[in-house]
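Below, in structure tokens: the form predicted alone, a single chain.
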């Protein structure tokens, strides 16, 4: 078993791009080697030790390795990008792209996260105990295929375009979402326990989105199928009476997207 503790050295001004902060990149390295790993800040490459104090305990495989970030890293991007195993615990806010392209392991953020969290995620678990920004679990700019596997759990709110291009996996939002959640969704499942503003499921061709709260402006390309009691959506069992819709007929003649909206 290995535990690597990273403590931020004061406030970070210009954003740092730290793709190296993932278990398989730090495992089996000595403390000096970890401190010497290169990260980008603007146009400069600098050692990780410029921004973090490092503590190292034990040794182990990536699966047996936990990275603990003890402090606010809201100005640090790409933490856990592409990770396949192990754990990352962030005791503070996380920056943009946390968990992007991750394929396995788990990341838990004990605070808020920036935009693009879990973008094009393939597997694993990303848990955010606060709120998140735009584009959670979505596709890169210019791509149509977003998250394909894994699970994103957000206890708070999320901004716009959650699950853009979602093709697989599961996103659960404990609070509210803003605009165009599930845009271009073609697979997977999104559950919103709070409210949405507008554009929910716009351009959707497949997959499922369920909402327990209100929708301020309903997407016009959805057609009502009928009521359903206590729907079972994958491994999620919902309670109550829902209205089931299919869409988005505005962009497809025979869409397979399903929208469940809880009554009352």
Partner chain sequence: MAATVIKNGYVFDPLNGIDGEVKDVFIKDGKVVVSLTGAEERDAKVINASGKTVMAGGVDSHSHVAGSKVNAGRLMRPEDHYKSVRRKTDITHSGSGFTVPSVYKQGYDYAAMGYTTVFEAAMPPLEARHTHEEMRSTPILDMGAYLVFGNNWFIMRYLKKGDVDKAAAYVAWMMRTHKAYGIKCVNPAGVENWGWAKNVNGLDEPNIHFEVTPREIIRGLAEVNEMLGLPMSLHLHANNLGHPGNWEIARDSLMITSGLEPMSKTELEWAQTTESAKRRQTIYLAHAQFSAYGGTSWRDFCSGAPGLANYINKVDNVVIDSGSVPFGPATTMTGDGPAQHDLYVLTGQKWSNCDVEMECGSGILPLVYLKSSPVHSVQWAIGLEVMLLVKDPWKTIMTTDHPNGGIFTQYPQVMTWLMSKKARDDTAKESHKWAYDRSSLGGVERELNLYEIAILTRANPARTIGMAHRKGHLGIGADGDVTVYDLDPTRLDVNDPETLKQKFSLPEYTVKDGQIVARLGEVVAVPEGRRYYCRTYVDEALEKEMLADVKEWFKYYTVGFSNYPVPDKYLKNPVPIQVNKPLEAVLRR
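These figures come from a predicted structure and were not determined experimentally. Positions refer to the first chain, counted from 1.
Omitted here: the form predicted together with the partner chain. The next part is about that form.
Chemist: Which one of 120, 112, 72, 178 is close to the partner chain in the predicted bound form, taking close to mean a heavy atom within 4.5 Å?
Modeler: It is 120.
Chemist: Answer with yes or no whether residue 40 is in contact with the partner chain in the predicted bound form, where contact means some heavy atom within 4.5 Å.
Modeler: Heavy-atom contact with the partner chain at 4.5 Å: present for residue 40.
Chemist: Taking heavy atoms and a 4.5 Å cut-off, does residue 134 contact the partner chain in the predicted bound form?
Modeler: Residue 134 lies outside the contact set for the partner chain.
Chemist: Would you mind picking out the stretch of 168-176, 143-151, 186-194, 102-110 that comes within 4.5 angstroms of the partner chain in the predicted bound form, counting non-hydrogen atoms?
Modeler: Result for this chain: 143-151.
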